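Read the single chain below, which is given as structure tokens and is the form predicted on its own.
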């Protein structure tokens, strides 16, 4: 018989895997919206068409991973999920509105004109798409900052949190870091899907966003030293530190590949950076789901529920992974 502790850890690992996949694919989608809004220069129209071509077939499928994470959390850790939903009600719902608006505006813009290429011209739907692509990752990053800052307190089953605690300097710095990371990821991916001067446009944006990512990572680390010291100590623990170092190595290697125009390598390392840093966060966060009051074990669903979900994962994976692979093969190869 599988122990409850093992089922809890498998469920937590599944949610973490979903976050890594969402960061790697969904993050690039958000970044595409950022560069669509800030398309500039003589190839502004071509930049938007390249983004539209890259995102069009897959943007909706990428959000499968966000839905997967939400389902695993409310199924396997319902007590913690309810407390997070209460404490982070405002940023979560604003982020959800942003995700809906960006998806709807992306589609409306694509069908607003007679010719598909006309969608690259400036319109209200394009502005909505770009602004929503900025707001959503900032809010999700701020929510991440709130969790690591330990501002959500649970006493006698009740959430004790200030309504605006997601607006602290540390939380907002995390939000901005999430935004520039998404922008960097998108720019790196787009250098692999364009050629010539258009590729140089996105290479320049990758350098710009990568520099911003490094600067904001330093600011977040400095703020965390004072505002989230427990998290810094756990990130520097023997369990998480090697993974964090691997993530930093991937970031440096990706930047080197961008500078030296090794575009395939830059994409591999950029994706690896996202995966390693989220994995390092997960290892540092464990066993807390919401520090300092809620752990995975104390908020877990009954054994039968955990077992059902864990046994369902391979079945779902057999359906989901090949279908996503086929989708990318058809539209991205």
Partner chain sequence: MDSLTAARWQMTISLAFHMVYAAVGIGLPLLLVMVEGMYLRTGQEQYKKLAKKWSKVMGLLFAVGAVSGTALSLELGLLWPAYMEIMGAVVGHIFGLEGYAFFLEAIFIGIYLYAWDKISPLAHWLSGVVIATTGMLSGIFVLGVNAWMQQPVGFEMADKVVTVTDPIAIFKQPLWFYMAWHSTLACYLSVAFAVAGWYSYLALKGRNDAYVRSGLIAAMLLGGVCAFLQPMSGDLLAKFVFKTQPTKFAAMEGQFKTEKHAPLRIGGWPDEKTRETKYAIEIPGGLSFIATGDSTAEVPGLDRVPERDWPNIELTHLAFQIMVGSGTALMFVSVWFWIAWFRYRENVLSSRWLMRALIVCTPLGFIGLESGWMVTELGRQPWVIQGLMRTKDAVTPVAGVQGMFVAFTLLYGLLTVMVIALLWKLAQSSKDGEVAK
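Residue numbers count along the first chain shown, from 1. A quick note: this is a predicted structure, and the numbers were derived from the prediction, not measured.
Absent from the display: the form predicted together with the partner chain. The rest refers to it.
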### Message
Considering non-hydrogen atoms and a 4.5 Å limit, which listed residue (70, 268, 37, 49) is close to the partner chain in the predicted bound form?
### Response
70
## Note on the structure
the partner chain in the predicted bound form has a heavy atom of only one listed residue within 4.5 Å, and of 230, 144, 165, 125 that residue is 125
### Message
Check residue 111 for me: does it contact the partner chain in the predicted bound form (non-hydrogen atoms, 4.5 angstroms)?
### Response
yes
### Query
Wondering, does residue 301 line up within 4.5 Å of the partner chain in the predicted bound form on heavy atoms?
yes
### Task
Indicate whether residue 13 is a 4.5 Å heavy atom neighbour of the partner chain in the predicted bound form.
no
### Query
Can you check whether residue 59 is within 4.5 Å of the partner chain in the predicted bound form, heavy atom basis?
yes
### Message
Only one of these stretches, 249-257, 131-139, 88-96, 184-192, has heavy atoms within 4.5 Å of the partner chain in the predicted bound form; which one is it?
### Response
88-96
#### Entry: Heavy atom contacts to the partner chain in the predicted bound form at 4.5 Å, residues of 172-192 in sequence order
none
